[in-house]
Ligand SMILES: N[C@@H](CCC(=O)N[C@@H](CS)C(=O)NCC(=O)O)C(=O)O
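Shown here is one chain on its own, the form predicted on its own, set out as structure tokens.
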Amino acid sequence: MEITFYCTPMSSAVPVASALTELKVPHRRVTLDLAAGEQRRPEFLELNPNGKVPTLVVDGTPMFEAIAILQWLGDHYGVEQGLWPAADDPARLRALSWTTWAYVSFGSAVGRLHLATNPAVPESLRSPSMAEHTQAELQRMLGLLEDQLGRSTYLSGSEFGLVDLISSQVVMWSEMVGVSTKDHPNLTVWLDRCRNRPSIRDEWS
């Protein structure tokens, strides 16, 4: 299988880079210069009409959206390595639920907070009241992770898995936009374990 990975450092492509490393997937990496507009070149837009990273091309067929790519990598490489549940394993339901939750529910709230507080966006789009509301919403959602991690060492169970690799990096992103995890001790221990995993640490350094 021939895989080409289009990415940019410290972008939404980072969790995919971590997964490719963790799973030891042979691939060719192409780094785009977003500031120079390389993501808007016609040849790249043919692969991803959104003009964004990450983009994965598998035997000539492109994929976009990080969570779709990550779950596909789990299916094709993670099951054999014990890092992702097989299709007939009941744990697959939890894996799909938590990873999609991390990107869709939690991740979208992080995006709203970033918009409400980022000085780089127009002032008319920033809102202290929205930031306060979203911070409370994010703390409530972190509480869900805290409860789950009180029952098991990792979201995937007793051992690290792709569920943890994926979900922890969304939480790490939230920290970068001002979300605190200090009131969630189980989550803090889990996050430190994940953060120090070489496949994650090296991509965030």
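For clarity, every value in this text was computed on a predicted model and none was experimentally measured. All residue numbers are counted from 1 along the displayed sequence.
Another form, the form predicted together with the ligand, is not on view; read the next lines as being about it.
In the predicted bound form, segment of 180-188, 6-14, 193-201, 20-28 with a heavy atom within 4.5 Å of the ligand: So the stretch in question is 6-14.
In the predicted bound form, Tyr103 touching the ligand (heavy atom, 4.5 Å): Judged by the heavy-atom cut-off of 4.5 Å, Tyr103 is in contact with the ligand in the predicted bound form.
Any non-hydrogen atom of Arg41 within 4.5 angstroms of the ligand in the predicted bound form: Arg41: no contact with the ligand in the predicted bound form.
Close approach of Glu65 to the ligand in the predicted bound form, 4.5 Å, heavy atom: Although the ligand is absent here, Glu65 would touch it in the predicted bound form, with heavy atoms inside 4.5 Å.
Close approach of Leu144 to the ligand in the predicted bound form, 4.5 Å, heavy atom: No, Leu144 sits far enough from the ligand in the predicted bound form that none of its heavy atoms falls within 4.5 Å.
Selected contact from Ile166, Val53, Leu155, Val171, since only one has a non-hydrogen atom within 4.5 angstroms of the ligand in the predicted bound form: The residue in contact is Val53.
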